[in-house]
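A single chain, nothing else alongside it, follows as structure tokens in the form predicted alone.
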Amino acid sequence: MERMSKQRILFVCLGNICRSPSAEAVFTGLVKQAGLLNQIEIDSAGTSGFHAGEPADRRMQSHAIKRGYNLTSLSRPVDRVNDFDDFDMIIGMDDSNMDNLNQMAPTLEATQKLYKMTDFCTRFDYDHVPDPYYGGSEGFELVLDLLEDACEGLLEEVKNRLK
């Protein structure tokens, strides 16, 4: 049976310093456990370039490390030209991210690559991953709870695509 080429997944939030780098780290951990690192490429970006080149928010990093996730990526803005070509799935964290991504999409076909993170949740009933930036530690913990849930569901979807 011929195997499909790599699946490329891009996680997107506003600044690419809290939610999307956390999603990238959580999903990378699950993909590594599943032995699929050579079949799935993972990245993250922001709809704004405000934090370009910066590491993830220190508070987010601190909460992630407690769960065994290391947020190593540096923030970058979504590349309107290449990201819609290069990635199979582009996953936004909330409605605002989704609206921005829909506006950035170069073609109607490209919008079919867009998904909302919480669509993959199986345990939590949230319609978005809330931005923890202006809140307290419970917000960062909720983000990780939601991302762990959604990334498990996403991995099942990606495994089906690889078949």
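Numbers follow the displayed sequence, beginning with 1. Model, not experiment: these values are computed from the prediction.
Here the subject shifts to the form predicted in complex with a small molecule, a form of this protein not shown in this document.
In terms of contact with the small molecule in the predicted complex, the residue from A25, L10, L146, C13 that brings a heavy atom within 4.5 Å is C13. The chain is drawn here without the small molecule; in the predicted complex, the stretch among 61 to 69, 124 to 132, 33 to 41, 108 to 116 whose residues come within 4.5 Å of it by any heavy atom is 124 to 132. By the criterion of a heavy atom within 4.5 Å, I17 is counted among the residues contacting the small molecule in the predicted complex.
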